[in-house]
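Form predicted on its own, single chain, as structure tokens, below.
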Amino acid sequence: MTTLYGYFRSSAAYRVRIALNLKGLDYDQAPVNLVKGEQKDGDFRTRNPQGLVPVLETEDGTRLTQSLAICEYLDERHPERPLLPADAEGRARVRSLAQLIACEIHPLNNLKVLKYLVHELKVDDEAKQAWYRHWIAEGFTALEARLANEPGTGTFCHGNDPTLADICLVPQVFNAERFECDLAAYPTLRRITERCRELEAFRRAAPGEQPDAG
């Protein structure tokens, strides 16, 4: 059985859960509690020297890291439910939207950055919240402009089927909601997220549905 090492609130692990569910693939979960620092344990470091989730271990023992790389691996191995468009231009657009979220917004606000702000730079909670909301606003403003104005946007981020871009969008919106960011200025992001959340693959991947959520 394929095993996903992750944490219920990890955006990156959330993306991979959505991808696995969209592909209809069975998998076990091995929770790694990031708050307790289990990602730093020696045993887990043998799986990923970065000490990050997710890690996907396949049935044949292949070990994969980095959520976007894992999603594209799944798409190549199981192409029947594509996460990327068939045309080169569409694939480039979807990758660009996904990377805007996963490579520009998310890294500035992930757990290790927030911990560094608090424990090393000694910022208070108000300043931490301001940091988080600033980078969400900057990234979501650009993303909203693209999705609202580019002809490739449809029911989902690209066309009328969920893609890698939606897989990245929904976890980022979840985190923004958790940090009480004002999302009123992003109607297109909210519309697409609401549509995604109607799908079983996204519902089952939600943080509150995971075995380590309690």
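Predicted model, so just to flag it, every value in this text is computed and none were measured. All residue numbers refer to positions in the sequence shown, first residue = 1.
Only in words, not in the display: the form predicted in complex with another copy of the chain, which the text now covers.
Out of the listed residues A30, L64, L34, C181, L64 is the one that sits within 4.5 Å of another copy of the chain in the predicted complex by at least one heavy atom. Taking non-hydrogen atoms only, L83 never approaches another copy of the chain to within 4.5 angstroms in the predicted complex. Using a 4.5 Å cutoff between non-hydrogen atoms, L189 does not count as a contact of another copy of the chain in the predicted complex. Although the partner is absent here, I136 is not a contact residue: none of its heavy atoms lies within 4.5 angstroms of another copy of the chain in the predicted complex. By the criterion of a heavy atom within 4.5 Å, P107 is counted among the residues contacting another copy of the chain in the predicted complex. Interface residues of 122-149, taken as those with a heavy atom within 4.5 Å of another copy of the chain in the predicted complex (partner not displayed): V123, A127, A130, W131, H134, W135, E138, A142, A145, R146, in sequence order.
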